[in-house]
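Okay, here we've got a single chain as structure tokens, the form predicted alone, with questions on binding and movement later.
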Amino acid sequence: MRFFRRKSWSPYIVGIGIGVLSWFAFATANKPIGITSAFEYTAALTEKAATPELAEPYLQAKKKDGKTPKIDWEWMLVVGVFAGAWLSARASNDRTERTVPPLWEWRFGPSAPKRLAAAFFGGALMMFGARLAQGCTSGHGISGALQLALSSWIFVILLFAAGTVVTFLLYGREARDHV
């Protein structure tokens, strides 16, 4: 049980675990791992309940693709991300009450509302990009890469490249002195 109390795990062990989880998803649900579709489908169902006439073109397009928006097992992955993060933080005693991380504070100041707004905007931008790419980092980066899908490998390469560029644009080279 001490293994679960570590603050960081071997990336090899984690990679094997994710691979096994992916096999399990394909074996039991015949679906790749991914969570952004859960948010897309929830938004579509919410729009259908509020204004069915606006949702109809989207629902018809999905029906042609053989997909019906519904709340399904992918929401369990969403719940699992939050539950797993919470359990990991509790087990490892690696929790902080800080809203503003030190690196962010060094670069952008101590404002919690500014940090939360940036996090929300960044999350919204990532969700937009994931839906534009028709898959998120888990959908493309894990499931697609495991299936050797060329589009997923291109996605992963561009994801890391863009992450590197944005990090340098936000924090610059001098950030490594403040980590």
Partner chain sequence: MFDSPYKLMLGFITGIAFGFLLQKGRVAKFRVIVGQFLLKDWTVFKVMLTAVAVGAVGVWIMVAMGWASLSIKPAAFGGVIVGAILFGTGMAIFGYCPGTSVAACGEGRRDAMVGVVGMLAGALIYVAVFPALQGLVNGIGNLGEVTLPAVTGLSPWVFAGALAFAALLLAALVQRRAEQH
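Owing to the predicted nature of the structure, the values given are computational and were not obtained by experimental measurement. So that the term is clear: the rigid core is the largest set of C-alpha atoms that superpose within 1.5 Å between two forms. Numbering follows the first chain given and starts at 1.
Another form, the form predicted together with the partner chain, is not on view; read the next lines as being about it.
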Open item on the list: Is residue 70 part of the interface with the partner chain in the predicted complex - any heavy atom within 4.5 Å?
Closed with: yes
Task: Residue contact check: residue 109 to the partner chain in the predicted complex, 4.5 Å heavy atom - done: no
- [ ] Report yes if any heavy atom of residue 52 sits within 4.5 Å of a heavy atom of the partner chain in the predicted complex; otherwise report no.
- [x] no
- [ ] Scan 28 to 59 and note down the residues that get a heavy atom within 4.5 Å of the partner chain in the predicted complex; none is a fine answer too.
- [x] 28, 29, 30, 31, 32, 33, 35, 36, 39, 40, 42, 43, 44, 45, 46, 47, 54, 57, 58
TODO: Answer yes if the CA of residue 51 moves 2 Å or more between this form and the one not shown after aligning the rigid core, and no otherwise.
DONE: yes
TODO: Inspect the rigid-core superposition and answer whether the C-alpha of residue 85 shifts by 2 angstroms or more between this form and the one not shown.
DONE: yes
